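Heads up, the chain below is alone and in the form predicted on its own; it's given as C-alpha cells.
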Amino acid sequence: MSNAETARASPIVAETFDAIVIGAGIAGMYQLYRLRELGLSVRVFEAGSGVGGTWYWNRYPGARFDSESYTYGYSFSKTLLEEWNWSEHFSAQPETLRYLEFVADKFDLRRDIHFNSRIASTVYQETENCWEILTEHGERARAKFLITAVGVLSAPYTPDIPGIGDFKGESWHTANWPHRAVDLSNKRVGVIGSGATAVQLITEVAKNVGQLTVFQRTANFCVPLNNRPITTAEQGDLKARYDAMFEQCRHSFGAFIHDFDPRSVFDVSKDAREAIFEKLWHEPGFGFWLGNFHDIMTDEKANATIAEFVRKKIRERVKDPVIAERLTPRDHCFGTKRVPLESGYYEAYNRPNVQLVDLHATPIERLTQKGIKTKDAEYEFDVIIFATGFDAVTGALTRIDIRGEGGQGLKDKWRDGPRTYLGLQVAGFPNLFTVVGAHNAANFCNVPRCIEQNVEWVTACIRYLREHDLNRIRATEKAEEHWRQHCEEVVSHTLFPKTASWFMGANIPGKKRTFLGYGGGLPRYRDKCDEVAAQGYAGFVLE
C-alpha cells in the first residue's frame, strides 16, 4: 500500500486543545492573547498564509481605514501604543497589515496559529462535550471551547451573472486582489459596484488606467475622508491622549471619537444648520455621519436636510450634470447604508477615460468572452473587477458546516434570520462563542473597540467557568428569543430598516431581510453584556 493510500485508510488523529479560535484577524489575535493569559492551550486556524484578516485579504488600490488610525489599533498594551507610530490619520492597507504583523511578532502569536487552514466543518460532540473541527485539507482538532473570529465582511459575494465563466480576460473580487503588483495603466478595466470598497478602488485606479468603466447599481452618499500625514509634533500629542481617546470611544454610540449632537436638526436655524454641516464636511472621518444631529438617523424630515446638502456637494464637484445626477442618491436616506469616505471619488468622473453605466437603466445581461453585455451595449475589457460586496456578518459562519446539539446546522437555524444571545452565543451550540457575531454591537462600530469588549467578555466568561469547575455554558432558547426581539425593537426606532443594504442582508438574493447588527450603540450593548455577567450569566445554563 502506498503512503497516500495509507493516509486515506487511516483516520487522522485530532489534536486536543482547551480552545480553538477560527480566524487570525484583529479579533482572533486578541482572543489568542487573552486565552493564553488564562493558561489555556489554544490553536488558531487561519485560511490565509498570514495574520491580518480583512487587511490580509483586501489589497486593492486605495484600501485604507475610515476609522482614525490611532483609535483603530489595540488599546490593551501601553508598550505597544508607545512603540508604534501611525504615518497617516487614516492608514492605508499596507501599513495596517504591517502593524498587525508587528503585533503578532511582539506577542509571539504565530506559534499558536495554523495558517492555510480553512475550516470546512465543526461538530459538537455531545458525549465528550467538545467541538471537533475539520479543515479543507483533512486536518482535525478538538477543544472544549470554540470561538469564531471570522469577521463582519469576510465572505465575498459575486453575483450569479450569466456567462460569468466565459470572460477570457483577468477578473477577481476586490477581496481576492492578487498578492502581486497589478499594472492597469494601459488596460481597459470594468468595475462592477459602487459601494465603500468601489469608491476607494475607483478613485485610485482612475489615476492611472487606460479606460475605466464603472457599472453602478446604487448611487451612494459619499463624504470626504480629509486624510493627511501625521506630523512629528502630532505623534507625541496623540500618545499623550490615548487614554482619553479610548475612553471617549468607550462612551460614544459607534465607539468612534465622534458622537451624535444631542440637538435636533430643527433646534437651530437653517443658516446655523448649514454652517454646522459645512464645518463637519471639512473635518476628517465619520464626524459628518456619526457626529451630526442625532435625529438624522431617526427622522426622515431631519435626514432630508443632510441628504440634500450632500446632493448639492455632488453636483458642485461633477462637471457633467447628467453624470452628477446618476451619482446622486435618491432611493435611500443618508447614513442608512455604509457611508463611503472618499478622497477625490467624484472628480474621477471628470476624467475623459472614465465612464459611468447606470445598471438601473441598462442592466447587465451577461458576461461575454470579451467583456460585459448590458441591455443596450457590449463593453470590451482586459480586466473585470467585482466590487460587489460581501455576505455580511452571517455569511462567513454559514459557509462553514457548523453542527450543534442533535446535529442541528447553524445555517438551517438561521434560515429565517440570525438568532443569538448577546450576539455571542447561539442556543443549541454549547461552548461556542461568536466574537463579532450577528446582533452584536461590533457589526456597527469602530470594530477593534468593540472587538476588545467582545473578547474580554468571552475571556471573563471562560475564566468564571474554570474558577467554578463548570464545563459547559449554553444559551437558552428563551434568552435568545428575548435578545432577538430586543434587537428588532431597538432598530425599529431608526431609519435603517427602510433601506435595502448589507446592514439588512438585502444585498444577498434569498437572504432574510433583517438588521444584522445591534442598533443600540456600544455603551448600551456593553451594559447589557455586563448585566448578564453580573447576574451569574443570566440567560445561560452553566453545567
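What you see is a predicted model, and the numbers here were worked out from it, not measured in a lab. The first residue of the sequence shown is number 1, and the count goes up from there.
Not pictured, yet referred to below: the form predicted together with a small molecule.
The single contact residue among V458, I402, A198, V189, judged by any heavy atom lying within 4.5 Å of the small molecule in the model of the complex, is A198.
For the candidate set G335, G423, P418, G389, a heavy atom within 4.5 Å of the small molecule in the model of the complex is found for exactly one residue, namely G389. The chain is drawn here without the small molecule; in the model of the complex, the stretch among 335 to 343, 367 to 375, 255 to 263, 290 to 298 whose residues come within 4.5 Å of it by any heavy atom is 335 to 343. Although the partner is absent here, G193 lies within 4.5 Å of the small molecule in the model of the complex, judged by heavy atoms. Residue contact with the small molecule in the model of the complex: Q93 places no heavy atom within 4.5 Å of it. Although the partner is absent here, R217 sits close enough that one of its heavy atoms falls within 4.5 Å of the small molecule in the model of the complex. G409 falls outside the set of residues with a heavy atom inside 4.5 Å of the small molecule in the model of the complex.
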